[in-house]
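There is one chain below, alone, in structure tokens, taken in the form predicted alone.
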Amino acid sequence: MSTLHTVNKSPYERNAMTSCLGHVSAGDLVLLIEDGVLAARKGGSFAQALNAAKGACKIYVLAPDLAARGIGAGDVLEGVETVDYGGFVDLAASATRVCAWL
């Protein structure tokens, strides 16, 4: 039973990212959307936390939200996968449940 965790708030404004990473279980999926994609930048304050979480869960970012914020694919942490809207739907359909962190 896997959970898809979505984080849409900037980790620099809210603690949704920290709370999410504190609750993920092995096999879970984390999808960063909207301002949540800011956490996936190389060299950012949350890079270490995301790298540590990659051992337990898979982390994804929504490509259109990266583009809307001027973040290129080369600026994303290694091991974080980008998905389009169809990929978002596939992740939600493959998970047993979805948890939105606000």
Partner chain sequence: MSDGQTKKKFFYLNRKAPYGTIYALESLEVVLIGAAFEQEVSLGFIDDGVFQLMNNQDAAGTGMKGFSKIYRALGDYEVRKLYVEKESLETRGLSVDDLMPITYEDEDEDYAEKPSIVVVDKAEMAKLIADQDVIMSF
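Residue numbers count along the first chain shown, from 1. Fair warning: this is a prediction, and the values are worked out from it, not measured in the lab.
What comes next is about the form predicted together with the partner chain, which is not displayed.
In the predicted complex, Ala73 stays away from the partner chain, with no heavy atom inside 4.5 Å. Residue contact check for Gly79: none of its heavy atoms lie within 4.5 Å of the partner chain in the predicted complex. The shortest heavy atom separation between Gln48 and the partner chain in the predicted complex exceeds 4.5 Å. Taking non-hydrogen atoms only, Cys57 never approaches the partner chain to within 4.5 angstroms in the predicted complex. Heavy atoms closer than or equal to 4.5 Å to the partner chain in the predicted complex belong, across 1-39, to the residues Thr3, His5, Ser10, Tyr12, Glu13, Asn15, Ala16, Ser19, Gly22, His23, Val24, Ser25, Asp35, Leu38, ordered by sequence position.
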